[in-house]
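Shown below, as C-alpha cells, is a lone chain in the form predicted on its own; questions about how it binds or moves come after it.
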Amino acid sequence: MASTTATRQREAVDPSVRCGQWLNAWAPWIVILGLGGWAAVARTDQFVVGIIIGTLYALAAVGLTMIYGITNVPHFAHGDSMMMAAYLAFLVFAGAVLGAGDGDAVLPINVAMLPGATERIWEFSFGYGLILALVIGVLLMIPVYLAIDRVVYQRLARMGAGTAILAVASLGVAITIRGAMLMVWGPTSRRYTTGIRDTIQIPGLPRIVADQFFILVVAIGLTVAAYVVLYRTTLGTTMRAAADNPDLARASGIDTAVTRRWTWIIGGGLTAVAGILLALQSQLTPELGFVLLLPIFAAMILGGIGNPFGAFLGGLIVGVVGEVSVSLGIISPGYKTGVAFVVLIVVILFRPRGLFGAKA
C-alpha cells in the first residue's frame, strides 16, 4: 500500500508522467480536429460526401453500441440485418422477388401501386410510397430482431455461453440472413428508384444529391431521438442501469427482460433505418452487409463501446476519412475501409476505451 501511494505521488509531480497523461487525453482530439478542419477546407466535396456516408455508419453504430452495451451481444449479423431491412422495404415498395424466369415475380399488392406513390416529393427521387415502405420495412424487421435474440442469443446465454460463443453464433445468423436474401431476391443489384437524381445547392456547401439531404436529416434526427430516449426518459435510465450492472438492476425491481426487448426494438429499428437509407444512397445487394460490418464496428469502438454519441461521432470520422483518403489518390476506393481501421488503431493506442472512454 505504501509503495502504491508513493508511486501515485511520484506520478503527480513527475512532468514526464503528466505530459504523457495530457498526450493520451488530447492528442487524438488534436489530430482529428486538425485533419477534419483541413479536409473541410481543402477537400470540401469529399468531406461533405464523407459526412453523408458517415451518418449512415453512425446511425447503424448507435444501434450496435446500444445492443452490445446493454445486452453484451457482439451482433456480427448487424450488417446483414441492415440489408435484410432494406430488402423488406424493397419488397413492400415494389413487391418484387426472384422469379422463375428472367424477370422478377411481382406481388399483386405493393405500395408503388397506390395513387401518386411514386410521384416525386420536392427534388427527391422518390414519393411518399418509399417513405411508407421505409416505415413498414422497419416494423417488419423488429420482430426478426426479437426472434433472433430470443431463439439464439438468450438461449445461449442461459446455457452459460461466453462472448466468443455468442460472436460465432452471430456469424451463423449473418450467413443465414444472407442466404435467405439470395434465395428470395438473388445476387443481382437492385435500386429503389431509377433515373437521374436532382441536386440541390445549400449555401456555403457544394451541390449534393437531394436524396442525400434527406438521408442526412433523417439520420441526425433519429440519433438525437435515441439520445433523448437514453438520457431523458425512465426507459433510458433502466436501460443504462441494466447495462452497468444487470444483477443490481434486477434487485432494484427493474424488469431486465423488458429492458432487453426495448433495446433490440430501438437499436434494431435504428439499424433497419440505416440499411434502408444506405440502399437509397447506393443500391441493394446481399453481399453489402458484410462490407458494412467493418466500418460500423470501427465507428462503435472508435467512439467508445456503449456511448451513442461517441458511436455517432465515430461513424462521421470513418465516413470522412474513407472519402478524403481516396480523393488524395494514395489508395484505391476498395481500400478506404482499411484507412478507417488505421485511424482506429492510432486512437486506441492513446485511448484504449475509445474517444469517450465508455466501458470496455
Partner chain sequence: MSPPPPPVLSVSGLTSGYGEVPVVRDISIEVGASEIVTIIGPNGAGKSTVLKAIFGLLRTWDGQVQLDGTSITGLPPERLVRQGIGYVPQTENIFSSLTIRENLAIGGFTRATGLAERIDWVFALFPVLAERPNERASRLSGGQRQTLAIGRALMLEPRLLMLDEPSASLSPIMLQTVFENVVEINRRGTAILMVEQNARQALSISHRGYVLANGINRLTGPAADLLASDEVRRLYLGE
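Numbering follows the first chain given and starts at 1. It should be emphasised that the depicted structure is a prediction, and the values quoted were computed from it without experimental measurement.
Absent from the display: the form predicted in complex with its partner chain. The rest refers to it.
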Among 251, 164, 109, 202, just one has a heavy atom within 4.5 Å of its partner chain in the model of the complex, namely 251
Hey, in the model of the complex, is residue 240 touching its partner chain, heavy atoms inside 4.5 Å?
yes
Exercise: residue 244 in contact with its partner chain in the model of the complex, heavy atom 4.5 Å:
yes
Would residue 234 show up as a contact with its partner chain in the model of the complex if we use heavy atoms at 4.5 Å?
yes
Partner absent here, but in the model of the complex, which of 252-260, 209-217, 116-124, 70-78 has residues with a heavy atom within 4.5 Å of its partner chain?
252-260
